[in-house]
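Quick heads-up: it's one chain on its own, the form predicted on its own, in structure tokens.
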């Protein structure tokens, strides 16, 4: 009798232990902070791979605390809809552009203008310093989204069908320069001294081949990927737009974390951005030699003359009316 009771007790204890063992992982999973990532980036791009760096960094600094779920190719949210999803609490993390931010924070439109950011190093100094802190605070207040780090996407250069001696904006007079179709992009093309010509990206190769357009502008990786080097003879290193995006998090998600967790998430975002930036810069540097090997002339104009002319054109336009007084001068003075 006692033996039977003992067996039942042991069996019950064993069952309870097994049940606890089965429930513990589920409970632990429920206690993890969910971080869903949505990005339009394709797997081979550096700003897709950087999210794996983000996840691995958190797994190392905060083991078992976060459940990072990476969704590439805009499979979770369509490109451009991420800020709204984050503000509503339906998404934790994404990378957003200056164009996305400027829709709700007009003063941020200064970073969509030509020659405001000089180079990738200047980009990092501006956004990691007082200017970035002030603007990111405004973004968080107006958008319920908090930028964590700045990601370098590439520097746009001018790619010409025929070789020209381009030193100053006046040397591009009459050049039919393909630009994306929005008024902001077309304004930039005109500010560069060219005749801005809207054309869909998919039609650029044929347009260059047939002479419908005389040139196009894109970061060097895009020139290689689209094989524009096959139908052009020159790259002019105007460096007129240093493009970037920002790793951003839903402010609701960030505020729900402990201070230690917020610090670790921010550090992971900065590590991810550094990974992207280093690899993208390395790739761009290698591409100059690649284009020279393809027979293209790679020339550098008087970039200071371009910068002065383009900034003057913007300052005399309606675009500059929403820029805070003195902001452009502060950006220019950042070294």
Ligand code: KDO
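Positions refer to the first chain, counted from 1. Given the structure is predicted, the values throughout are model-derived calculations rather than measurements. What we label the rigid core is the largest C-alpha set whose atoms superpose within 1.5 Å from one form to the other.
Another form exists, predicted together with this ligand; not displayed. Remarks below refer to it.
- Of the candidate stretches 118-126, 172-180, 186-194, 104-112, only 172-180 contains residues with a heavy atom within 4.5 Å of this ligand in the predicted complex.
- Contact check for 79, 201 and 218: all three have a heavy atom within 4.5 Å of this ligand in the predicted complex.
- Proximity of residue 245 to this ligand in the predicted complex falls within the 4.5 Å heavy atom cutoff.
- With a 4.5 Å cutoff on heavy atoms, residue 40 counts as touching this ligand in the predicted complex.
- Among residues of the shown chain, residue 135 is not one whose heavy atoms approach this ligand to within 4.5 Å in the predicted complex.
- When contacts are judged by a 4.5 Å heavy atom cut-off, residue 156 counts as touching this ligand in the predicted complex.
- Residue in contact with this ligand in the predicted complex (any heavy atom within 4.5 Å), chosen from 90, 261, 71, 97: 97.
- Heavy atoms closer than or equal to 4.5 Å to this ligand in the predicted complex belong, across 272-296, to no residue whatsoever.
- Taking the rigid core as fixed, one finds a CA shift for residue 157 of 2 Å or more between this form and the one not shown.
- Once the cores line up, the CA of residue 200 ends up 2 angstroms or more apart between this form and the one not shown.
- Residue 73: CA moves less than 2 Å between this form and the one not shown after rigid-core fitting.
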